[in-house]
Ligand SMILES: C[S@@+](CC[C@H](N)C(=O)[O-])C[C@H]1O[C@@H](n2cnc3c(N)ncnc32)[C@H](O)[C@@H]1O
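In the form predicted on its own, a lone chain appears below as structure tokens.
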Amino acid sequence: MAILLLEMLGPKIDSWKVNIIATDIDIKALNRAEEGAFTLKQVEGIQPALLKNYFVQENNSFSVKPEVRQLVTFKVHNLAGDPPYQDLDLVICRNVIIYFISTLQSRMLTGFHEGLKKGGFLLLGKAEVLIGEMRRMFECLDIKAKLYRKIAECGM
């Protein structure tokens, strides 16, 4: 996400308030992600121009450049129990909620709705769908991409 924003905004990114919050319940996974170090195999699908612009190669490993890292904050967060973050423009939750029972899925999606700003966006994984009342909380913008927009007043 940070690289995508840097690509789209270029030097104008400094005039935007960008803070990407990357969360997981697993502290070890967060620590690995925060290191920003990848093997040659892990980056093989990344376009060479993006590798050149946003990574530093050291032998057979690649490290994320500081201008990418400074946009991301890593935090431990339990989607099933912790209160949702607030005032968000976009929530990306891909291939996570499918592993939970429907009551937890509803709780998580309600939390995303509460945390998003009016008109904020929700991006889900390919296998994920909005269930029950959740379909009244979000407007589908692109079913194939699983992109939704928060409906401010959903009558719940």
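Keep in mind it's a predicted model, so treat the numbers as computed, not measured. Residue numbers run from 1 along the displayed sequence.
Heads up, the form predicted in complex with this ligand isn't pictured, but that's what we're talking about next.
Contact with this ligand in the model of the complex, defined as any heavy atom within 4.5 Å, is confined among 116-124, 41-49, 93-101, 54-62 to 93-101. With the partner omitted from this view, the residue of 89, 67, 35, 26 that lies near this ligand in the model of the complex is 26 [heavy atom within 4.5 Å]. By the 4.5 Å heavy atom rule, the three marked residues 77, 80 and 108 all count as contacting this ligand in the model of the complex.
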